[in-house]
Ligand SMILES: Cc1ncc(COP(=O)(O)O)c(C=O)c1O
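Below you will find one chain, with nothing else, as C-alpha cells; this is the form predicted on its own, and questions on how it binds or moves follow later.
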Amino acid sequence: MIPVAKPYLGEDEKNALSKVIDSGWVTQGPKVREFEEIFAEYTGSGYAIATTSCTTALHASLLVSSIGPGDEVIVPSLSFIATANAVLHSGATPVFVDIDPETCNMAPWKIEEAITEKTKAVMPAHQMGLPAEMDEINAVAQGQGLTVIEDAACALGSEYRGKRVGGEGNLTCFSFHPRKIITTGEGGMITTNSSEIAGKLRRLRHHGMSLSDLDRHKSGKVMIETYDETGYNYRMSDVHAAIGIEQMKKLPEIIEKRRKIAFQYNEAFQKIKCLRIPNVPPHIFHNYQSYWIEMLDDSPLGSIEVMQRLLEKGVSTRRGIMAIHKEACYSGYNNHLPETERIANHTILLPIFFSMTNDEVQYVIDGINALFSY
C-alpha cells in the first residue's frame, strides 16, 4: 500500500530525542527557544512562538487580537474544520465565504460582501500549501480596519511574491502534524513582527505566567512569577522541539522532492482532458504539501469511485479539502457556496511524500491513466 503521506524521520531525530531525555529538561525549555529562533529566521519574521498545535496557535492569535463574543471572523469553508473551530473557541462567529476556483483559496472579492459591523478579522487559509492572494486580502482588510490572521498550517516554505509565508507581518499559524511539510508529532507555531504581541502570546500559552520557566531557571536570583491574566496550557515540549530542529534542517530537500513529484504528476495528468491539475500563479512558489486532482463534469468516474479503485490497487488517497459548512456541527451556518462545494465533492489528494520512490510515483500515474484511458 502506498500511503497518501509519510513523515520523513530518521536517526537525526532519534539522537536529538536522546539528548533531550538525558538533559532532564523535557518540557518547554532551551530546545523550544532554539526551534523558535530557527523558525523565525527561516520565515523572515521577527518572532516565532511555539504552541501545541496549529489549532491552539489560531485560537491564541484570535485572543491576542481581542476577538471574542459578539465578533465575526470571515473564513473559507474549504479548509480543515479546525479553521472554523478556533473561531468558535474564541467565542466569535465564523462567517464562511466562497473560494477562487482557480486556486481553491478564499476569494478576495467575496470578503467585502461578507463584512458587517460585527466583522473584526479575516482568516485566509493557504490550502494545500498554495498561498492565498494576500495583497488583495490585506488591502480589503486594511481598508475596513480588520485584523488578518493567516492559517498557514500547510504552507511552510511556500512563497508569495518572493517572500516566504510567515514573513508578511500578519499573525501566521503553522502546523507540524505528521501530514504537514515537517513534523514534530504534534505542534504549531505563530509568527509575528510585533514584540508586544509575541510577549502576550508567550504568556498566554503558559497560563498567563509573567516569566518563563527557562528565564527563571537561568536567573542567578530567586524570581517569583505572577499571573496577571488568564492563560492556557499551549506549551510545546522540548521533546517536540528537538524533532522540529532536525526537521528544519531537512526542509529544503523535503520541498525539492515534493515539487519533483508534483511536476511528474502535472506532466502525466495534464494530458487527461476530464481532469484538472493544480493551478499555480506565476508569483507563487508552491511547497506541494498536498497534490490534488479534480474530476471535471465530463469525467466518467466520480471522486469516491476513483478513490475506491485506487485503494483496490494499493494506492491510498484522501478526499479533497472539506467544505466545513456542510458538516453537521455547522449545519446552522447557512451558505450555499457553489465553488467550495464543487471542489470538495470532486477532488482527491494523491500520495506525495519525501521517501516516495520513482516506481511508486509511476505506479500512481499508471493507476490514474488506467482509470481514464477511454
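The first residue of the shown sequence is 1; numbering continues from there. Since the model is a prediction, treat every value here as computed from it, not as a measurement.
There is another form of the same protein, the form predicted in complex with this ligand; it is not shown, and what comes next is about it.
_The unique member of 158, 83, 172, 247 whose heavy atoms fall within 4.5 Å of this ligand in the model of the complex_ = None of the other options qualify; the answer is 83.
*Would you kindly say which of 177, 203, 286, 120 lies with a heavy atom within 4.5 Å of this ligand in the model of the complex?*
For this set of options, the contacting one is 177.
*Any idea which of 148 to 156, 100 to 108, 264 to 272, 162 to 170 reaches within 4.5 Å of this ligand in the model of the complex, heavy atoms considered?*
Single hit among the candidates: 148 to 156.
*Is there a heavy atom of residue 28 no more than 4.5 Å from a heavy atom of this ligand in the model of the complex?*
No, residue 28 is distant from the partner.
*Wondering, does residue 317 line up within 4.5 Å of this ligand in the model of the complex on heavy atoms?*
Residue-level check for residue 317: no, no contact with this ligand.
*4.5 Å heavy atom contact, residue 43 and this ligand in the model of the complex*: Heavy-atom contact with this ligand at 4.5 Å: absent for residue 43.
*Evaluate residue 61 for contact with this ligand in the model of the complex, applying a 4.5 angstroms cut-off between non-hydrogen atoms, and reply yes or no.*
Residue-level check for residue 61: no, no contact with this ligand.
_Need the contact residues for 47 to 61: heavy atom within 4.5 Å of this ligand in the model of the complex, sequence order, or none if there are none._
Counting only heavy atoms within 4.5 Å of this ligand in the model of the complex, the contacting residues of 47 to 61 are 53, 54, 55, 58.
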